[in-house]
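Only one chain is included here, represented as structure tokens and corresponding to the form predicted on its own.
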């Protein structure tokens, strides 16, 4: 049985704290996943939106969302 790798996008609402982006990208790095695109947007200096595009199978998507949800800096995680 083959696993099908497809593109997916994760949208995060993150508290603007020192090292938050490092912790987020560390989750991808520890699991050996590549980030194809990373975009940060902010209207409020306390919270910013991060949009990450990557490729992977259903297992990779599930694991990334679960791990990101556990970080204390993250307010919301959505798989888009």
Partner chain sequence: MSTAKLSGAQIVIEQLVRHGATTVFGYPGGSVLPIYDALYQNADRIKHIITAHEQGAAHAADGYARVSGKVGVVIATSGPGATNLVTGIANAYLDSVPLVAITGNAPVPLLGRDAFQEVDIVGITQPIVKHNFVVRDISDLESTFAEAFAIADSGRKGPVLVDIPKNIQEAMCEYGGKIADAPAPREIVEVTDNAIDAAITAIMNAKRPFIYAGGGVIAAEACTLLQTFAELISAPVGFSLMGLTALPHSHPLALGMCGMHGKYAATVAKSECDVMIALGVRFSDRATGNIEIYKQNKTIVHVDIDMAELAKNVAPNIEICGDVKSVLQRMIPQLSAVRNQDWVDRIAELKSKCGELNQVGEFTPQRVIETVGDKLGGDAVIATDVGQHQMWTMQYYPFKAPRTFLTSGGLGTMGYGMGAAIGGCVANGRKRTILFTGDGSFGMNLNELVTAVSQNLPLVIIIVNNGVLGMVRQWQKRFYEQRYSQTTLNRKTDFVALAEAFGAKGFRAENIVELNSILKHLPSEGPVVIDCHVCMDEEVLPMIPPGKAVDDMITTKFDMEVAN
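Positions refer to the first chain, counted from 1. This one's a predicted model, so the numbers in the text were calculated from it and none came from an experiment.
Not on display, but discussed next: the form predicted in complex with the partner chain.
Not displayed here, the partner chain is approached by residue 63 to within 4.5 Å at the level of heavy atoms in the predicted bound form. Taking the partner from elsewhere, residue 78 is found to have every heavy atom lying beyond 4.5 Å of the partner chain in the predicted bound form. Mapping the unseen interface onto this chain, residue 9 falls outside it, with no heavy atom inside 4.5 Å of the partner chain in the predicted bound form. Contact annotation: residue 67 falls within 4.5 Å of the partner chain in the predicted bound form, judged by heavy atom distances.
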